[in-house]
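In what follows, one protein chain appears twice in different forms, each by itself as C-alpha coordinates: structure 1 and structure 2.
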Structure 1
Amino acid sequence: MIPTKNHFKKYHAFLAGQSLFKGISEDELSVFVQSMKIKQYHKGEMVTFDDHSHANLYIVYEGLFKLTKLDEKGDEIVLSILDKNSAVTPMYFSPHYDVCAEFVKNTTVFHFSGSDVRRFIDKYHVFSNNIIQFLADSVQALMISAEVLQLKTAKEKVGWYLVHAKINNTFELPYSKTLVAAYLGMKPESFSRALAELKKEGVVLENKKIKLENGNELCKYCDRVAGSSCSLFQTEKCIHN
(Lines of atoms letter the chains of each structure in order from A and count residues from 1; the text may use other names and numbers.)
(Lines give C-alpha, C1' and ligand atoms only; values in the text may rest on other atoms or scores of the structure.)
Protein backbone atom coordinates (compact mmCIF):
# COMPACT_ATOMS: atom_id res chain seq x y z
CA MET A 1 0.00 0.00 0.00
CA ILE A 2 1.44 3.32 -1.08
CA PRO A 3 0.17 6.12 1.14
CA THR A 4 -1.39 9.01 -0.70
CA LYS A 5 -0.65 12.55 0.41
CA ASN A 6 -3.95 12.59 2.25
CA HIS A 7 -3.28 9.38 4.06
CA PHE A 8 0.12 10.70 4.86
CA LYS A 9 -1.35 13.63 6.78
CA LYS A 10 -3.63 11.35 8.71
CA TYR A 11 -0.77 9.05 9.64
CA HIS A 12 1.37 11.97 10.64
CA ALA A 13 -1.31 13.21 13.01
CA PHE A 14 -1.72 9.73 14.41
CA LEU A 15 1.97 9.37 15.12
CA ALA A 16 2.22 12.82 16.64
CA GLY A 17 -0.24 11.60 19.24
CA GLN A 18 1.89 8.62 20.24
CA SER A 19 3.78 8.87 23.50
CA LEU A 20 6.86 7.56 21.70
CA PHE A 21 6.90 10.81 19.72
CA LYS A 22 6.03 13.15 22.55
CA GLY A 23 8.17 16.27 22.37
CA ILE A 24 9.11 15.73 18.73
CA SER A 25 8.24 18.64 16.47
CA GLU A 26 6.04 18.26 13.39
CA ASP A 27 8.96 18.75 11.04
CA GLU A 28 11.26 16.37 12.86
CA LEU A 29 8.56 13.73 12.81
CA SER A 30 7.97 14.25 9.09
CA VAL A 31 11.47 13.14 8.25
CA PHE A 32 10.96 9.99 10.24
CA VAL A 33 7.54 9.30 8.79
CA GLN A 34 8.96 9.41 5.26
CA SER A 35 10.72 6.14 5.87
CA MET A 36 7.76 4.48 7.54
CA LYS A 37 6.34 1.30 6.03
CA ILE A 38 2.73 0.23 6.29
CA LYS A 39 1.75 -3.37 6.53
CA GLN A 40 -1.64 -5.03 6.77
CA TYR A 41 -2.30 -8.40 8.30
CA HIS A 42 -5.41 -10.53 8.09
CA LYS A 43 -7.45 -11.96 10.88
CA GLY A 44 -6.09 -15.36 11.71
CA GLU A 45 -2.60 -14.72 10.35
CA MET A 46 0.36 -15.80 12.42
CA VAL A 47 3.71 -14.13 11.89
CA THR A 48 6.99 -14.90 13.58
CA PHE A 49 9.51 -12.14 13.97
CA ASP A 50 12.42 -13.38 11.97
CA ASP A 51 15.97 -12.07 12.02
CA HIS A 52 14.92 -9.33 9.66
CA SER A 53 11.76 -8.10 11.32
CA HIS A 54 13.54 -8.22 14.64
CA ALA A 55 15.20 -4.96 13.80
CA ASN A 56 11.97 -3.02 13.50
CA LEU A 57 9.81 -0.82 15.63
CA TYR A 58 6.10 -1.49 15.17
CA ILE A 59 3.18 0.76 15.99
CA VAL A 60 -0.39 -0.47 15.64
CA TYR A 61 -2.57 1.89 13.66
CA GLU A 62 -5.65 -0.28 13.71
CA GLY A 63 -6.67 -3.79 14.59
CA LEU A 64 -5.85 -6.33 17.26
CA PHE A 65 -3.26 -9.00 17.77
CA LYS A 66 -1.56 -10.88 20.52
CA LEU A 67 2.14 -11.38 21.05
CA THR A 68 2.65 -15.01 21.96
CA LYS A 69 5.24 -17.64 22.66
CA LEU A 70 4.40 -21.16 21.55
CA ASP A 71 5.98 -24.36 22.75
CA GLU A 72 6.43 -27.73 21.04
CA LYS A 73 3.21 -29.10 22.53
CA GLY A 74 1.26 -26.25 20.94
CA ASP A 75 0.53 -24.50 24.22
CA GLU A 76 0.91 -20.76 24.15
CA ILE A 77 1.33 -17.84 26.48
CA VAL A 78 0.11 -14.37 25.62
CA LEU A 79 2.87 -11.88 26.40
CA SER A 80 0.73 -8.93 25.53
CA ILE A 81 -2.37 -7.84 23.68
CA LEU A 82 -1.79 -5.06 21.20
CA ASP A 83 -4.36 -2.81 19.61
CA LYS A 84 -4.59 0.74 18.32
CA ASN A 85 -1.73 2.87 19.67
CA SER A 86 0.24 -0.08 21.01
CA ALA A 87 3.88 -0.40 20.12
CA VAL A 88 6.37 -3.22 20.16
CA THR A 89 10.02 -3.42 19.30
CA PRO A 90 12.03 -6.60 19.34
CA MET A 91 14.91 -4.64 17.87
CA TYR A 92 17.01 -4.77 20.98
CA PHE A 93 16.36 -8.45 21.61
CA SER A 94 18.52 -11.41 20.82
CA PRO A 95 17.99 -12.38 17.18
CA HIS A 96 17.40 -15.87 18.52
CA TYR A 97 14.46 -14.86 20.63
CA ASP A 98 11.41 -15.57 18.55
CA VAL A 99 7.97 -14.37 19.48
CA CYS A 100 4.88 -14.72 17.38
CA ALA A 101 2.18 -12.23 16.42
CA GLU A 102 -1.29 -13.78 16.07
CA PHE A 103 -3.77 -11.43 14.46
CA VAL A 104 -7.20 -11.45 16.03
CA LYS A 105 -8.61 -8.81 13.69
CA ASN A 106 -7.45 -7.36 10.42
CA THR A 107 -4.63 -5.12 11.48
CA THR A 108 -2.64 -2.22 10.08
CA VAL A 109 0.79 -1.61 11.54
CA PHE A 110 3.39 1.01 10.82
CA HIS A 111 6.95 -0.05 11.03
CA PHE A 112 10.27 1.68 11.11
CA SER A 113 13.53 -0.03 10.36
CA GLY A 114 16.05 -0.50 13.11
CA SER A 115 18.57 1.73 11.40
CA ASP A 116 16.04 4.56 11.10
CA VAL A 117 15.15 4.20 14.76
CA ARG A 118 18.80 4.30 15.75
CA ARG A 119 19.40 7.33 13.61
CA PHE A 120 16.42 9.06 15.18
CA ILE A 121 17.65 8.14 18.66
CA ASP A 122 21.04 9.59 17.87
CA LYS A 123 19.57 12.78 16.52
CA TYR A 124 16.72 13.49 18.90
CA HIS A 125 17.39 13.17 22.53
CA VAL A 126 13.70 13.36 23.43
CA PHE A 127 13.03 10.33 21.31
CA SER A 128 15.77 8.40 23.03
CA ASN A 129 14.15 9.24 26.37
CA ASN A 130 10.77 8.18 25.04
CA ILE A 131 12.23 4.82 24.04
CA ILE A 132 13.68 4.45 27.53
CA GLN A 133 10.31 5.20 29.07
CA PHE A 134 8.59 2.81 26.67
CA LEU A 135 10.95 -0.04 27.54
CA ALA A 136 10.69 0.70 31.27
CA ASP A 137 6.90 0.60 30.99
CA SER A 138 7.24 -2.79 29.31
CA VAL A 139 9.43 -4.03 32.15
CA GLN A 140 6.94 -2.86 34.73
CA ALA A 141 3.99 -4.36 32.88
CA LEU A 142 5.78 -7.70 32.61
CA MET A 143 6.63 -7.66 36.30
CA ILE A 144 3.02 -6.98 37.20
CA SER A 145 1.93 -9.78 34.85
CA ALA A 146 4.35 -12.17 36.50
CA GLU A 147 2.85 -11.28 39.84
CA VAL A 148 -0.73 -11.67 38.66
CA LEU A 149 -0.05 -14.95 36.89
CA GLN A 150 1.84 -16.58 39.73
CA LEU A 151 0.26 -15.21 42.87
CA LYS A 152 -3.40 -14.82 42.11
CA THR A 153 -6.20 -17.39 41.98
CA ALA A 154 -8.47 -17.62 38.95
CA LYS A 155 -11.10 -15.40 40.56
CA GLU A 156 -8.48 -12.83 41.62
CA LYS A 157 -7.03 -12.75 38.12
CA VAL A 158 -10.40 -12.01 36.57
CA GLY A 159 -11.26 -9.49 39.27
CA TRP A 160 -7.92 -7.78 38.70
CA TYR A 161 -8.54 -7.60 34.99
CA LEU A 162 -12.05 -6.25 35.39
CA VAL A 163 -11.07 -3.56 37.89
CA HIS A 164 -9.11 -1.80 35.12
CA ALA A 165 -12.34 -1.27 33.23
CA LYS A 166 -13.84 0.23 36.35
CA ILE A 167 -10.89 2.58 36.83
CA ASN A 168 -10.87 3.79 33.24
CA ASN A 169 -14.64 4.16 33.45
CA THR A 170 -15.51 2.13 30.38
CA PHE A 171 -16.96 -0.69 32.50
CA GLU A 172 -16.39 -2.85 29.50
CA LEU A 173 -14.32 -5.95 28.79
CA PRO A 174 -12.19 -4.72 25.89
CA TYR A 175 -11.58 -8.14 24.29
CA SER A 176 -13.23 -11.52 24.07
CA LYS A 177 -13.32 -13.67 27.19
CA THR A 178 -11.19 -16.28 25.50
CA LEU A 179 -8.47 -13.75 24.70
CA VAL A 180 -8.48 -12.27 28.19
CA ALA A 181 -8.42 -15.75 29.68
CA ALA A 182 -5.34 -16.59 27.62
CA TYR A 183 -3.69 -13.35 28.70
CA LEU A 184 -4.37 -14.29 32.31
CA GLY A 185 -2.86 -17.71 31.77
CA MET A 186 -6.08 -19.63 32.21
CA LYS A 187 -8.51 -21.67 30.15
CA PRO A 188 -11.86 -20.24 28.97
CA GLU A 189 -13.64 -22.75 31.22
CA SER A 190 -11.84 -21.45 34.27
CA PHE A 191 -12.55 -17.87 33.25
CA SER A 192 -16.20 -18.70 32.97
CA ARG A 193 -16.25 -20.34 36.39
CA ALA A 194 -14.37 -17.41 37.91
CA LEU A 195 -17.02 -15.06 36.54
CA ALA A 196 -19.69 -17.22 38.13
CA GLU A 197 -17.88 -16.82 41.47
CA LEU A 198 -17.65 -13.07 41.02
CA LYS A 199 -21.34 -12.90 40.27
CA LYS A 200 -21.97 -14.09 43.83
CA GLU A 201 -19.98 -11.06 44.97
CA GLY A 202 -22.10 -8.66 42.96
CA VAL A 203 -19.98 -8.44 39.81
CA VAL A 204 -21.95 -9.15 36.67
CA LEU A 205 -20.57 -9.27 33.14
CA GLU A 206 -23.27 -9.05 30.51
CA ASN A 207 -22.38 -8.65 26.84
CA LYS A 208 -19.00 -7.28 27.79
CA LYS A 209 -20.53 -4.66 30.12
CA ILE A 210 -19.56 -4.82 33.78
CA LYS A 211 -22.32 -4.13 36.25
CA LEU A 212 -21.62 -3.70 39.96
CA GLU A 213 -24.18 -3.94 42.73
CA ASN A 214 -22.62 -1.39 45.08
CA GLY A 215 -19.77 -0.08 42.99
CA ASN A 216 -16.87 -1.14 45.18
CA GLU A 217 -16.98 -4.92 44.69
CA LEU A 218 -13.89 -4.91 42.50
CA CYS A 219 -11.72 -2.76 44.77
CA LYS A 220 -10.31 -5.76 46.59
CA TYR A 221 -8.79 -6.97 43.31
CA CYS A 222 -7.03 -3.66 42.57
CA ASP A 223 -3.27 -3.13 42.60
CA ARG A 224 -1.56 0.11 43.53
CA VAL A 225 -0.31 0.94 40.05
CA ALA A 226 -3.73 0.56 38.47
CA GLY A 227 -5.31 2.08 41.56
CA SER A 228 -3.27 5.26 41.29
CA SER A 229 -5.40 6.20 38.28
CA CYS A 230 -8.65 5.65 40.16
CA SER A 231 -10.77 8.59 41.21
CA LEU A 232 -11.00 7.09 44.70
CA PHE A 233 -7.22 6.58 45.07
CA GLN A 234 -6.14 6.99 48.67
CA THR A 235 -9.48 8.34 49.78
CA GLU A 236 -11.09 6.56 52.72
CA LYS A 237 -12.93 4.37 50.23
CA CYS A 238 -9.68 3.08 48.71
CA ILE A 239 -7.99 -0.05 49.99
CA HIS A 240 -4.57 1.47 49.33
CA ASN A 241 -4.74 3.58 52.52
Structure 2
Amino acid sequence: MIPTKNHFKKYHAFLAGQSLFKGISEDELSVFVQSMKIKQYHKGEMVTFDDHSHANLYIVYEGLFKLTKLDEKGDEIVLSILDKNSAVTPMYFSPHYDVCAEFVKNTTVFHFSGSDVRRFIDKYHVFSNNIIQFLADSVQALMISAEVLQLKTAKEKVGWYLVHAKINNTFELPYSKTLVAAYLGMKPESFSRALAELKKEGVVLENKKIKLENGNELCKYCDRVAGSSCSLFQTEKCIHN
Protein backbone atom coordinates (compact mmCIF):
# COMPACT_ATOMS: atom_id res chain seq x y z
CA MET A 1 0.00 0.00 0.00
CA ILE A 2 1.29 3.48 -0.87
CA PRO A 3 0.46 6.71 1.02
CA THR A 4 -2.79 8.41 0.01
CA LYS A 5 -3.20 12.15 -0.38
CA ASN A 6 -5.36 12.21 2.76
CA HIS A 7 -2.50 10.89 4.86
CA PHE A 8 0.40 12.58 3.08
CA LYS A 9 0.76 15.48 5.56
CA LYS A 10 0.49 13.19 8.57
CA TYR A 11 3.12 10.78 7.26
CA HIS A 12 5.34 13.66 6.16
CA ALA A 13 5.24 15.11 9.70
CA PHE A 14 6.00 11.71 11.20
CA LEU A 15 9.10 11.15 9.06
CA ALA A 16 10.27 14.70 9.76
CA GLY A 17 10.53 13.73 13.43
CA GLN A 18 12.75 10.70 12.77
CA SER A 19 16.51 10.98 13.29
CA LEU A 20 17.09 9.25 9.94
CA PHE A 21 15.62 12.27 8.17
CA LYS A 22 17.17 15.00 10.31
CA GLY A 23 18.37 17.86 8.10
CA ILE A 24 16.31 16.77 5.09
CA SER A 25 14.33 19.66 3.54
CA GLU A 26 10.52 19.51 3.26
CA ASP A 27 10.68 19.08 -0.51
CA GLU A 28 13.27 16.33 -0.25
CA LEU A 29 11.27 14.58 2.44
CA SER A 30 8.25 14.57 0.13
CA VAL A 31 10.24 12.37 -2.25
CA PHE A 32 10.75 9.87 0.57
CA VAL A 33 7.04 9.85 1.46
CA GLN A 34 6.07 9.25 -2.16
CA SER A 35 8.54 6.35 -2.38
CA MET A 36 7.60 4.48 0.77
CA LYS A 37 5.21 1.57 1.08
CA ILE A 38 2.89 0.89 4.00
CA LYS A 39 2.22 -2.52 5.51
CA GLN A 40 -0.15 -3.42 8.32
CA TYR A 41 0.20 -6.50 10.53
CA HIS A 42 -2.24 -7.96 13.03
CA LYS A 43 -1.61 -8.90 16.66
CA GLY A 44 -0.33 -12.46 16.84
CA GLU A 45 0.86 -12.48 13.22
CA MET A 46 4.32 -13.88 12.55
CA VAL A 47 6.42 -13.05 9.50
CA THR A 48 9.77 -14.55 8.56
CA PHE A 49 12.29 -12.10 7.13
CA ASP A 50 15.30 -13.07 5.04
CA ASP A 51 18.16 -11.02 3.64
CA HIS A 52 17.05 -11.46 0.03
CA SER A 53 13.32 -10.75 0.03
CA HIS A 54 13.31 -8.15 2.80
CA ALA A 55 16.37 -5.99 2.15
CA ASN A 56 14.38 -2.91 3.10
CA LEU A 57 14.47 -0.09 5.61
CA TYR A 58 11.51 -0.45 7.99
CA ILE A 59 10.15 2.27 10.28
CA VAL A 60 7.42 1.53 12.82
CA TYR A 61 4.58 4.05 12.56
CA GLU A 62 2.55 2.46 15.35
CA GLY A 63 2.36 -0.87 17.15
CA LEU A 64 4.75 -3.31 18.81
CA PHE A 65 6.65 -6.41 17.72
CA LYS A 66 9.76 -8.40 18.51
CA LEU A 67 12.47 -9.65 16.17
CA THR A 68 13.59 -13.15 17.04
CA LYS A 69 15.79 -15.99 15.83
CA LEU A 70 16.35 -19.54 17.03
CA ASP A 71 19.65 -20.67 18.50
CA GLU A 72 21.29 -24.06 17.91
CA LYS A 73 19.11 -25.64 20.62
CA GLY A 74 15.93 -24.30 19.07
CA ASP A 75 15.40 -21.72 21.82
CA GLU A 76 14.12 -18.29 20.87
CA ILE A 77 16.50 -15.32 21.07
CA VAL A 78 14.93 -11.85 21.07
CA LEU A 79 17.15 -9.59 18.96
CA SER A 80 15.12 -6.46 19.50
CA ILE A 81 11.79 -5.07 20.70
CA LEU A 82 10.39 -2.46 18.35
CA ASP A 83 7.61 0.04 18.91
CA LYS A 84 6.64 3.42 17.47
CA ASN A 85 9.59 5.32 15.90
CA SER A 86 11.83 2.23 15.88
CA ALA A 87 13.64 1.30 12.69
CA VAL A 88 14.94 -1.96 11.26
CA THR A 89 17.62 -2.30 8.59
CA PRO A 90 18.90 -5.40 6.75
CA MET A 91 21.76 -5.55 9.27
CA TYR A 92 19.45 -7.79 11.30
CA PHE A 93 19.04 -10.29 8.45
CA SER A 94 21.49 -12.99 7.43
CA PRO A 95 21.73 -15.70 4.75
CA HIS A 96 22.70 -18.09 7.56
CA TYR A 97 19.47 -17.88 9.57
CA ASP A 98 15.96 -16.45 9.32
CA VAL A 99 14.66 -13.66 11.51
CA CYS A 100 11.05 -13.75 12.58
CA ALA A 101 8.87 -10.77 13.46
CA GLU A 102 6.16 -11.60 15.99
CA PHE A 103 3.58 -8.84 16.34
CA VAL A 104 2.48 -8.14 19.92
CA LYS A 105 0.03 -5.44 18.83
CA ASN A 106 -1.57 -4.40 15.56
CA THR A 107 1.31 -2.69 13.80
CA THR A 108 1.73 -0.30 10.87
CA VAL A 109 5.16 -0.24 9.24
CA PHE A 110 6.57 2.10 6.60
CA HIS A 111 9.28 0.65 4.42
CA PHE A 112 11.64 1.71 1.68
CA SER A 113 13.18 -0.74 -0.77
CA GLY A 114 16.90 -1.32 -0.70
CA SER A 115 17.24 0.24 -4.15
CA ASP A 116 15.41 3.38 -3.00
CA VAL A 117 17.63 3.64 0.08
CA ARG A 118 20.75 3.37 -2.07
CA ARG A 119 19.36 6.01 -4.41
CA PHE A 120 18.67 8.36 -1.50
CA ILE A 121 22.15 7.78 -0.07
CA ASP A 122 23.71 8.73 -3.41
CA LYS A 123 21.49 11.77 -3.81
CA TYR A 124 21.28 13.19 -0.28
CA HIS A 125 24.52 13.54 1.66
CA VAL A 126 22.68 14.33 4.90
CA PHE A 127 20.67 11.13 4.64
CA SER A 128 23.81 9.04 4.12
CA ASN A 129 25.33 10.55 7.27
CA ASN A 130 22.13 9.83 9.19
CA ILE A 131 22.19 6.21 8.02
CA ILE A 132 25.81 5.82 9.15
CA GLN A 133 24.98 7.24 12.58
CA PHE A 134 21.91 5.02 12.87
CA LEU A 135 23.93 1.91 12.02
CA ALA A 136 26.64 2.88 14.51
CA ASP A 137 24.04 3.35 17.25
CA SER A 138 22.41 0.02 16.36
CA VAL A 139 25.70 -1.87 16.54
CA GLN A 140 26.47 -0.29 19.90
CA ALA A 141 23.02 -1.27 21.20
CA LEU A 142 23.57 -4.87 20.10
CA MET A 143 26.99 -4.93 21.78
CA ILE A 144 25.49 -3.61 25.01
CA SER A 145 22.73 -6.22 24.88
CA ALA A 146 25.29 -8.98 24.34
CA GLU A 147 27.34 -7.76 27.30
CA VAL A 148 24.27 -7.62 29.54
CA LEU A 149 23.17 -11.12 28.56
CA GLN A 150 26.58 -12.69 28.99
CA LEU A 151 28.13 -10.97 31.99
CA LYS A 152 25.29 -10.11 34.37
CA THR A 153 23.35 -12.30 36.77
CA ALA A 154 19.56 -12.58 36.48
CA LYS A 155 19.03 -9.97 39.21
CA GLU A 156 21.60 -7.64 37.65
CA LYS A 157 19.93 -7.94 34.24
CA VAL A 158 16.53 -6.98 35.62
CA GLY A 159 17.98 -4.20 37.76
CA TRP A 160 19.89 -2.84 34.76
CA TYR A 161 16.70 -2.85 32.69
CA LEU A 162 14.60 -1.19 35.41
CA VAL A 163 17.17 1.54 36.06
CA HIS A 164 16.35 3.03 32.65
CA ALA A 165 12.78 3.65 33.83
CA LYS A 166 14.17 5.58 36.79
CA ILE A 167 16.49 7.64 34.64
CA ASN A 168 13.77 8.65 32.17
CA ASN A 169 11.32 9.22 35.07
CA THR A 170 8.59 6.93 33.76
CA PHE A 171 9.02 4.46 36.64
CA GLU A 172 7.08 2.01 34.55
CA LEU A 173 7.90 -1.20 32.72
CA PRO A 174 7.37 -0.34 29.02
CA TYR A 175 6.32 -3.84 27.99
CA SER A 176 4.86 -6.95 29.58
CA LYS A 177 6.99 -8.95 32.02
CA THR A 178 7.00 -11.87 29.61
CA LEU A 179 8.32 -9.74 26.75
CA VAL A 180 10.99 -8.06 28.87
CA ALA A 181 12.10 -11.44 30.23
CA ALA A 182 12.44 -12.80 26.69
CA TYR A 183 14.49 -9.75 25.68
CA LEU A 184 16.81 -10.33 28.64
CA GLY A 185 17.21 -13.98 27.68
CA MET A 186 15.35 -15.20 30.76
CA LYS A 187 12.43 -17.50 31.40
CA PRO A 188 9.40 -15.84 33.08
CA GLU A 189 10.00 -17.75 36.31
CA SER A 190 13.64 -16.54 36.42
CA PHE A 191 12.42 -12.99 35.86
CA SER A 192 9.95 -13.38 38.75
CA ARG A 193 12.68 -14.72 41.05
CA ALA A 194 14.91 -11.77 40.14
CA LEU A 195 12.07 -9.38 41.00
CA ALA A 196 11.63 -11.14 44.34
CA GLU A 197 15.33 -10.61 45.08
CA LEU A 198 15.08 -6.95 44.10
CA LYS A 199 12.05 -6.56 46.36
CA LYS A 200 14.26 -7.43 49.32
CA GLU A 201 16.38 -4.42 48.34
CA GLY A 202 13.39 -2.05 48.22
CA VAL A 203 12.53 -2.32 44.52
CA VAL A 204 8.87 -3.23 44.04
CA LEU A 205 7.10 -3.84 40.72
CA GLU A 206 3.29 -3.66 40.99
CA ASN A 207 1.70 -4.44 37.65
CA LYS A 208 4.03 -2.27 35.54
CA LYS A 209 4.70 0.45 38.11
CA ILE A 210 8.12 0.60 39.77
CA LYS A 211 8.19 1.74 43.38
CA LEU A 212 11.35 2.47 45.37
CA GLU A 213 11.53 2.71 49.17
CA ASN A 214 14.33 5.29 49.30
CA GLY A 215 14.62 6.33 45.66
CA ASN A 216 18.16 5.19 44.90
CA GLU A 217 17.87 1.40 45.21
CA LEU A 218 18.33 0.88 41.46
CA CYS A 219 21.40 3.10 41.20
CA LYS A 220 23.73 0.20 42.03
CA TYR A 221 22.65 -1.45 38.76
CA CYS A 222 23.49 1.63 36.69
CA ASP A 223 26.61 1.65 34.52
CA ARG A 224 28.38 4.10 32.23
CA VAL A 225 26.02 3.31 29.36
CA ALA A 226 22.80 3.77 31.30
CA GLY A 227 24.34 6.61 33.30
CA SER A 228 25.10 8.61 30.17
CA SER A 229 21.40 9.53 30.14
CA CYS A 230 21.23 10.38 33.85
CA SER A 231 21.69 13.99 34.91
CA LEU A 232 23.10 12.89 38.28
CA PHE A 233 25.62 10.34 36.98
CA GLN A 234 29.05 10.86 38.57
CA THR A 235 27.94 14.03 40.35
CA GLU A 236 28.11 14.48 44.12
CA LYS A 237 24.70 12.82 44.44
CA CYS A 238 25.73 9.75 42.41
CA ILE A 239 26.81 6.60 44.24
CA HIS A 240 29.32 5.92 41.44
CA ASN A 241 31.21 9.16 42.06
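When a residue number appears, read it as a position in the sequence of structure 1, where counting begins at 1. Everything numeric in this text was worked out from a predicted model, so none of it was measured. For clarity, a rigid core is taken as the largest C-alpha set superposing within 1.5 Å between two forms.
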{"property": "Structure number of the form predicted alone", "result": "2"}
{"property": "Shift of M91 between the two structures at or above 2 Å (CA, core fit)", "result": "yes"}
